[in-house]
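Quick setup: one chain, the form predicted alone, written in structure tokens, and binding and motion questions come after.
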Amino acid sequence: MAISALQKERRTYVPKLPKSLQSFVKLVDEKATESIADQDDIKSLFPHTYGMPLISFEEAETDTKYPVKNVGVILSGGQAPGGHNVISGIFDGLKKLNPNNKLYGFLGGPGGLVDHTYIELTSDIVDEYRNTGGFDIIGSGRTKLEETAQFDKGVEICKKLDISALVVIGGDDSNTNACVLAEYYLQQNSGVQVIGCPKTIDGDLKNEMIETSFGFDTACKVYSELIGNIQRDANSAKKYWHFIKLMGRSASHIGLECALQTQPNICIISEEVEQKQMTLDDVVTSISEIVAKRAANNENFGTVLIPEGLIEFIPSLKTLIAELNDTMAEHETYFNSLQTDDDKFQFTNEKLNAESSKIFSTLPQNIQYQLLADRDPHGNVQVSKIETEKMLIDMVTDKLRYWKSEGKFKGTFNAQNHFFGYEGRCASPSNFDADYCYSLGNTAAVLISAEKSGYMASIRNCKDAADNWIAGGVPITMLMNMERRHGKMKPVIQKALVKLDGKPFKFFASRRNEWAEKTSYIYPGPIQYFGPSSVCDQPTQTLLLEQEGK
């Protein structure tokens, strides 16, 4: 198989590990935990996995002899840079514990567990994928493990292959499913453990124990390189405003991190829009005012970063979308049977309350179509398909045209639109993600050897050199609360939003006015894999600011 010169060289990279994982490991129980909210409900739903202690790893003086443990691994949900290194970390960790351990990969995501499609991951296979992007070693999928029949099919194949543990590599919903699976297997005394690993480029799976999700570092560096390139072009041509939509449906972590790396003229933070109860017109007006100020300085160009999920954070539109999601969940079969768009619009307007119906009718028709499109696997509108960046360009154009007629705007406005999403999901992992993911995989192997279940692998102190990282485990129930899904209340891992009182946002807010009026662009350039640690191993600005002083 032909490979690039970079891929060939990256195969030789040996990821760095925390000291506690470099030799023998001792597990230390810390404080008992409780869920982040809805404690009584979560405890009643997860009696076997609720309240377990945090676990940290320390260096041990002597080794322990471990019996053979075969393990199955599942890649779940969207891709994120570093997934292959999690698998190679699990593989190496298992072989270190006992050379006779085997690792099986279930193909195509959780569906592979249910359908009994798998391969044994041998050293020949794993070595081909070390330090590479993508999930193609075994593939991923979005099958939800929610039914007892699915759980029982999982036990069936685990018994056949003598698998005593599963590792689910995924985001918040995938790890919620892992927790449900762990609880059921303990309840049934099936002998199958379940461990999770935190994955999502969106960066919204984190707390004090999960400092970052893997892939966030790499994806933000990829997007920041592209934004920097565009900003260099904008500053050269001096004639275009670039509206750039970025991944991040439920939180604006990617937009904020990219802003910290590139210093654009405008970066919208969805959480701030919601807190300030801004309308769509408020957002458009704020952008237009900055365009006008720059035009007054003869700078008819700039960059605007827009989070993918913005439309759901504008309060009136958030209410509208929530009503649409519930309506379409309740009447899914009937709605799908309607033949024309007019019939769908009429039915929708009949089900919405008066205020939501009014807002829906005032939206551009293409946005109406996109709001009524097929739902994602969770029953929610697919916001990535809503062309928010184009909508904002059109609305800013209209406002500036009106202002020009009143003499309030005397410049020119020409805009280009971009959406950076898939470009970052399968990039070759940065050194940080390569190290972090390999450490997560090794951590999962140790948790399995200690007979733990219902835990998520955790690596902390990530602002420091890898030697000083702290490995351990976090009970998944600690991260959970109750939320409405498909019209019903369900236990899920709570998404971490941008904290408006946090250091990363405060740093951004203290400088954005200067960035808006002046051209203060930073051009990060491509990810560097070879060279000084200060260039190659640095984590995100978000993580450095969050951990500042700790």
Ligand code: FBP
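Bear in mind that the values here come from a model prediction, so they are computed numbers and not experimental data. All residue numbers are counted from 1 along the displayed sequence.
Another form exists, predicted in complex with the named molecule; not displayed. Remarks below refer to it.
Novice: By the heavy atom within 4.5 Å rule, which residue out of Gly472, Gly72, Gly112, Gly77 makes contact with the named molecule in the predicted complex?
Specialist: Only one listed residue qualifies here, and that residue is Gly77.
Novice: Just to confirm, with a 4.5 Å cut-off on non-hydrogen atoms, which of Arg460, Arg249, Lys399, Lys452 contacts the named molecule in the predicted complex?
Specialist: The option sitting close enough to the partner is Arg249.
Novice: Looking at 198-206, 286-294, 256-264, 179-187, which lies within 4.5 angstroms of the named molecule in the predicted complex, counting heavy atoms?
Specialist: Checking each option against the 4.5 Å cut-off leaves 198-206.
Novice: Would you please decide whether Tyr422 lies within 4.5 angstroms of the named molecule in the predicted complex, comparing each non-hydrogen atom pair?
Specialist: Contact check for Tyr422: yes, within 4.5 Å of the named molecule in the predicted complex.
Novice: So, Arg142 and the named molecule: in the predicted complex, are they within 4.5 Å at any heavy atom pair?
Specialist: Close contact exists here: in the predicted complex, Arg142 approaches the named molecule to within 4.5 Å, heavy atoms only.
Novice: Quick one: is Ser384 in contact with the named molecule in the predicted complex, heavy atoms, 4.5 Å cut-off?
Specialist: Answer yes; at least one heavy atom of Ser384 falls within 4.5 Å of the named molecule in the predicted complex.
Novice: Flag Asp435 as yes or no: does it have a non-hydrogen atom within 4.5 angstroms of any non-hydrogen atom of the named molecule in the predicted complex?
Specialist: Contact with the named molecule, no.
Novice: If you apply a 4.5 angstroms heavy atom cut-off, which residues in 279-311 are near the named molecule in the predicted complex?
Specialist: Read in sequence order, the lone residue that approaches the named molecule (within 4.5 Å, in the predicted complex) is Glu308.
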